[in-house]
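Here's a solo chain for you in C-alpha cells, the form predicted alone.
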C-alpha cells in the first residue's frame, strides 16, 4: 500500500504491554486514515456507558492519509476518545510536528488503553516501544517537559505530545500540547491522558512514506504553492476594522473567496480577524450579551493585527505548511519568547471580557499553553463568572477576593493558576461553564454559553447561522471547525461537484437564516467534506482556498493510486461522519445537542450587527438529518454503512 503504513500500535498501560495490529487496505478505501481510522476502532473497542476517565476509554493518536506524501498543508494530527466534557465522541485537531512522526515510526495510529498506577511516558522508536516512569516530569508544565524529553533523546529530535498540570488535575477543558505550544485543545482529552497517568508520548523513527505517483504529487503541490505565494499588498492593520464595519452596515453580503482569507493569514495569521470580526458581529462581546458598541474602536484598535506582527520574531510553520500563519513572538512587557496568540485566544480574553490589555493576552496565552488548558473554554468560563459577579450571583467573598469586574485583566493570571491546579475559587471553573453553573444551582444559573457542555468558540451563530447548525448536529458538540455558511462559500465545492449549490457573488444577508434546501445541502456538504479533510490529515485553512485550488481529491489519488472521483471522496467523508454518529448512538443520551439560547438570538439582541437576528434550528436541523437519510426527529443514523465498515476491521482482527 502507498501513503499509509498498514498498521497501528496498541499500548496497554494497565499491564505495560504493546503490540502491533495490521489494517486491511479495504478499510483505508472506506475511511482513509486519521479521524476515519480512529472512528472505526473506537466504535469497536470502547464499550457503551464507559467512564471517559476510566480505564475502558481509549485514547487514539492518528495521522492522516496524506501526511508525508509530498502534499502541502496535510500535517494535522488528531487525538480522539470519548469526551469527558460532553460524554460524546470527542476529538481535537492540531498541527505541529507529531503527525509525520507517527508515520515515520511505522504506524498510522497509536491507541492507548488501560490505566497506569503511576505517572509514565511512552517512548517509541520505530519498532521499539517502552513504557517508562515519569514521576520526575509530573507537575512540570508541558513546554518544560517537552524540552527535557527532547534533550534526553538527542540527537534524535523526537516529536512529543504532552499534558501540563491541567491534564494531570483532570480538568475537563484540558488539552494535549505538541511543539512547545501547539495544542489539541478541545473535548477535554488532556484529562483522558491525565486519567491514564500518561504524561507524554515521545516518538522518533525513520520509516519512509511513499506516494503512488510522486511526480504527479510534486506537480500538484507546485501548482498549489503558487496560490500560497501570491501575496499582493494589503490594507494596514487598523483598516481591517473598516472592512468589518462595511460588512456590518450593508444589507447585502459578498460571498468570500478563500484567497482573500489566505492573504490575511499569510500576512498576520488568525489575529488578522481581531477587529474585522468584532466590527462585523462575528466576535462575541461581554459573555455574548454585548455588541461591538460595548468594545468601541478606541478599545478594539488595541488589538490591531499590526501590533501582533511587530512582536513576531519568526513565522511559525506546521509540518508541510508553506503558509506559516503562526508565529514565535516576544512578550510585550518582559523578556522571553512564546507562540503568538491566535484569534480565539485574543477574543476569548479580549472582547468577551471587555479586556483591552494586549500584554495580558500574551501572558495568559503562555500560561495556558504551558498548563495545557483550552483557551476557548477557559475564557468562556471566566466570562460566565464575570457576568455572575456583575449580577451579584457571586460575591467578592465567594471569589476569594478576586474582583471579577469587566475589563479587569490583573486578576486573570491568578485565576487561571487556580483553575489549572483546582484551587480556591478557580476550582469552580476548572471543568467549564456548564458544570460551574450546575454548582450554582438552577435558580442562579444565569447564562453559561455552550453546546451540550462544550463552550462555543469565538464565532457568533447570530452572524453566521452555520455555526449553530454544526454545533448541535455534529457528533462533537460546540465545535467551530466543523462547518459554517462562510466555510461553504470558501470551499467552493460546486466547482468540483455539480450536485452542490453554487453561492451567488452577492446575496441578501437574510438568506443565511432561511431553512432552504440550499442551506441544508451546504451544511451536509460541510459535514462530509470536513470529515474527509480530517481523514486525510488536511488543514482547514488550506481547504478554505477552494477545492479548485487546493487539490485534495487529486492529491488523494496521486498518493494512493486510486481513481476516485470527488463524489467518491465525499462518500468517504459521509462514512466517517456516520461512524462518529454511530458512536454517539452507543454512548450519548441524545444525538441532537442543546445550545444556549443566547447564542442563537433567543431573545434577539437589541443593538449591533446581530440586532433582531435569531437562528431557527427547529426547521433546518430535521431537514439536515433527512438529507443524510437519518431519522429527522432524533438524528439516529441508518448505521448500515458503518456496520459494514466495522465488520471489515473485525474480520481482519480475526485473521491475525
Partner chain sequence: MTYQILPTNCNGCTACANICPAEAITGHNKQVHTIDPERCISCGVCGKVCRSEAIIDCEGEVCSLLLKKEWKIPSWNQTQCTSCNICLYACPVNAIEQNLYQNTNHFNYLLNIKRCIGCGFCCQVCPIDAIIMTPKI
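Residue numbers count along the first chain shown, from 1. Predicted, not measured: the structure shown is a model, and the values here were computed from it.
The same protein also has a form predicted together with its partner chain, omitted here; what follows describes it.
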I'd like to know if residue 553 sits close to its partner chain in the model of the complex, meaning any non-hydrogen atom pair within 4.5 angstroms. no
- Message: My question is simply whether residue 337 lines the interface with its partner chain in the model of the complex - judged by any non-hydrogen atom within 4.5 Å.
- Response: yes
Would residue 389 count as a contact of its partner chain in the model of the complex, using a 4.5 angstroms cut-off between non-hydrogen atoms?
no
Query raised in the report: Would residue 575 show up as a contact with its partner chain in the model of the complex if we use heavy atoms at 4.5 Å?
Result: no
Per contact check vs its partner chain in the model of the complex (non-hydrogen atom within 4.5 angstroms), the hit among 412-420, 448-456, 70-78, 488-496 is 70-78
None of 314, 359, 516, 213 but one has a heavy atom within 4.5 Å of its partner chain in the model of the complex; the exception is 314
Picking from 118, 505, 508, 222, the single residue whose non-hydrogen atoms come within 4.5 angstroms of its partner chain in the model of the complex is 222
Applying a 4.5 angstroms cut-off on non-hydrogen atoms, the residues of 142-164 near its partner chain in the model of the complex are 155, 156, 157, 159
